[in-house]
Each structure stands twice: as structure tokens, then as C-alpha cells.
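Heads up, the chain below is alone and in the form predicted on its own; it's given as C-alpha cells.
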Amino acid sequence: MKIAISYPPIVNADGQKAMVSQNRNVQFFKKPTYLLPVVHGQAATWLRDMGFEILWDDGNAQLKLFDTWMEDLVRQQPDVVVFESTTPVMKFYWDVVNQLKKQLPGCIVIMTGYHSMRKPEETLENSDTDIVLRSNHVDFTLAKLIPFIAESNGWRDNCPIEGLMIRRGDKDYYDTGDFKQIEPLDLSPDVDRDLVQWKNYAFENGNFLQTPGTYATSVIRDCMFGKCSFCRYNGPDLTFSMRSVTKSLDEYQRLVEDYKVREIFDDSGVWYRGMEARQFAQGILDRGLHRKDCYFGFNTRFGYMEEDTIALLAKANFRFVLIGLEACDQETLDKLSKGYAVEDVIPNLKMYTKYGLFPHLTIMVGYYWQTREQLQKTVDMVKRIMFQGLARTLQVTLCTPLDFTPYHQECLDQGVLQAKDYNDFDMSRLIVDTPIPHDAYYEAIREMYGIAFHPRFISRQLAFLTRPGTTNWKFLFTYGGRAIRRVRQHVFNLTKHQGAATS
């Protein structure tokens, strides 16, 4: 059997590409970031190792036009096509599936992604999709499902594999129940970098200071915290599991020594902490990988790293640390179930910068309850952090209800969700009722991104990046230029609806 793991190119009216892979909520970018879909890469590797023919078909990263992508896929005649989708592009995917099934009626189409897994009947009703995965453990599920389909002509009627909704006929669907992650995460293989054409994702990424860079096979599946109400890593359908330190270190060593990767980022919802974080850092030191001119980075939470752990990570050449700040008033943090206090932020950032790490803050605005006072607290604190040099970079987004997460359901229950069309969930405008005009949030975005061009911020950056004994001067000529382009792009995307009559 030939299995296609496929991402069609999606372009909006502004000529911007949709970034769908890696379980992200869709944003459209003129200068896109091509993100390696890690779990789907593991699935592709696992199936290839089982003897199936794999077609890695990322039309975005391969720079294809839609018609070319469709023609190439049809010409390949796959037996199975696996798609990954999310709310803002669901209607697009339903149409694509129907187009594909007309040309390849015998092809089995499998839909994955957080939106589909939480509303599987909807995708089966609106498209000719054959199977919806009700699990984000795409690798484990496909490793069982594909061999069963290959061996059983009656797979639609008697499939025993959990976590699926299967089309039996028109309006006749077979639900196999909830997926339960019981196998160790180590069973899923490292992503085969050659199979997934890793260099297509190695250069155009705003998070990489050095290139080629890549995303590691994630050490955490879902999230060890798993309570943030706006986040996809939240809900009874998700299960926390952890990869072993040794297996992950082995992959880092191959990436550094065999593929000459110069930056590795682990995009687990939250990376290792405590003992595992220290074991990992010590493993990097013991293997000498910190001397290979490669930077390492990860996602974490405020309060998750002790100072001795941070110091060890710095010795091991960790650089980029992405932390969700979200907001700077306690009421909002409590409503979001963030699990930390506003007063935790500054001390934590001081520890990271003390040891030379680069904190990157993610901030959101436009919660349906966010008052002008709460919004201003966020703007003021973000300015304070950046002007004091306690973070190197930031990213601001509009809080968009994601894929029937608790925050999304809360917006529905409170009657504050304005959007009726899934296409409007693309994070380009606010889609909830708010206590102040939407323009106030757009203006806050401009103000926070404007920090990048403020003399106080620039002087802080120059002082940090040109310290004796560091090589961070490279930031000025490589990452700095890319960052400026992306700041302008983010501001355009997030404020282009400013001035519309919304509230």
C-alpha cells in the first residue's frame, strides 16, 4: 500500500499561505514559517519501517501551487491519504477531500487534527472522508490501523482499533470509542529526516538564530500541566506521556553529528522539568554536543525551572526558551487556569537572562472579559520586561477560541462568540464580544510590537548581544533581519481589521 501524508497549499485572498502543520491554529503569512509536523513525521517513519510505501507530500514546504499539488497527488495513485486540519480551514479541506475522491474514488481518506477529533461526525457529514481519527496520537493509531486495513476487506465493519470514526455508508458511521494511550512513547520512532525532506523546514523559521535548524521529536506528548483553558492540550481526550531522556539525547546527537544541524527546538507543549531537565542538560555536556556550535531550545512555563537547572541548561548551550505569558493581570491568569501568579514572572525571567538564555514571550489580547485596565496592565508590564532586557523577543496574538477547547466552549455558553463561519477563526481579527472596542486591542498589539523599534529596546539588545566572550553578535545580522520582517508581517495580520465597527 502507498500512504500519502499530505498538506495541500492553502492561499488566501491576500496571497498569504496558511500554516496548518504541527497542530497550530491556522495563521496566514506572506513570508511563511514552514513547521515540520513532528507526530505525522513519526507516523510516516513508523509505517515506512513496517514496509509501507510512504509519500511525504507537504505542498506548502515543497512550494507547490494548489493545482500542481493536486495533479501530482492524483498521479501518484495513493491507496490512503492522511490530512491534518484545524478550524479555519475545515471547509477548505472538506472541498479538497471531495475533489480528490472524484479523481481517486478508491482512495481511503483519513482526517486528523484537533477540530476533527472533537467533531468527527461533522467532517463525515460534510465531506467524503472515510475515517476521522479521534486521537492526536496519529502515529500510534495509524501504526495499528493501516496494517489492519491492508489485511481485512471488512475493516469498515469490524475494526477493533480505538479512537476512530469510520464511514460505513451514507449517514452510517462506526465509532470505535476513545483512544487510550497505554504504550510507552519511546515505541514511536524518531522522525526520519530524509523521509520528511527536513531541509524544507530548516531555514525559514523565525525562531532559529542559526540554520539549518530543526524541530526535535517531542519529548512530551500533550502537556504535563494540561489545564490552560484556551489550549488544545486540555481535555479528557488527551493523555500525558513522556519520552525517555536517553532516546531523545540519541536523536540530538544524530542531528548534530550526522545532519550538521545548528539549532534544535523541542515544541512539546511543556518540555522536561526537574530531574529529567537536568539529566538531559548533563547528557548534552557528557556527549560534548555543547561544543558543536548548535543551540537548543524548548517551551516551558513560569515556575517550572529551578535556578540550578537553568544554570546547567546554559552550560549545555540552551538558548531559546519560549514561555507563555498570556496576560499580566491575575484575574485573567486565573480565568485561563494558568497556574502561576503575575509576581512570578519577573523573578523567573531574571533567572533565565542571568545565565544568558533568550526568553521569548507569547502574549494574547482580546479575551471576552478583558477590560481596558487589564489590557493596559499587560502592555505596561510587557514594556517593562522588554526595556529591562528580561526577554529577548515576543509574539502577540489575538485570543481566538480553538477547536472546542474549554475557552471555546465557554464563549459558546456565554453567548459572546461572534463568528458563525469557520473561515473567520484564522486569528486575523477578534471574533468575540468584548467590554471595549476591538480597536483598543489592535492598538495594543501595535504598541507591543513597536517595542522592537524603540531606542531603549535596541540599546538593551546591543548591550546584551555584543558582550565580550559571546557570539551573539550573529543575531544582529541574521536573526535580527528576519525578526524585523516578521514583526511587520504580524502587525499587518493582526491589525488589518482595525477600524471595523466591532466591539
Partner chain sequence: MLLKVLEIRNLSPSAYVLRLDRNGIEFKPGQCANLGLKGSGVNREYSIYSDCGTPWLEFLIKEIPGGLVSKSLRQVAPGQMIEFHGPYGAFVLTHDSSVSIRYTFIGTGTGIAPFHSFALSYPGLQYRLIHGIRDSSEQYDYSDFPRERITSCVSRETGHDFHGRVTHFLSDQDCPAEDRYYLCGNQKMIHEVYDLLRQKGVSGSNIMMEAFF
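Positions refer to the first chain, counted from 1. Note that the structure is predicted; figures quoted are calculated from it, not measured.
Beyond what is shown, the protein has a form predicted in complex with the partner chain; the following relates to that form.
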| So in the predicted bound form, are D67, G106 and R168 all sitting within 4.5 Å of the partner chain, heavy atoms only? | no
| message | Only one of these stretches, 68-76, 266-274, 318-326, 415-423, has heavy atoms within 4.5 Å of the partner chain in the predicted bound form; which one is it? | response | 266-274
| message | Taking the partner chain as it sits in the predicted bound form, is T239 in contact with it (heavy atom to heavy atom, 4.5 Å or less)? | response | yes
| said: Check G177 for me: does it contact the partner chain in the predicted bound form (non-hydrogen atoms, 4.5 angstroms)? | reply: yes
| request: Would you check, heavy atoms only and a 4.5 Å threshold, whether D258 touches the partner chain in the predicted bound form? | output: no
| query | If you check in the predicted bound form, is P184 within 4.5 Å of the partner chain, heavy atoms only? | reply | yes
| said: Just to confirm, with a 4.5 Å cut-off on non-hydrogen atoms, which of Y304, Y173, W369, F404 contacts the partner chain in the predicted bound form? | reply: Y304
| query | Within 4.5 Å of the partner chain in the predicted bound form, heavy atoms considered, which of Y295, F92, W155, Y340? | reply | Y340
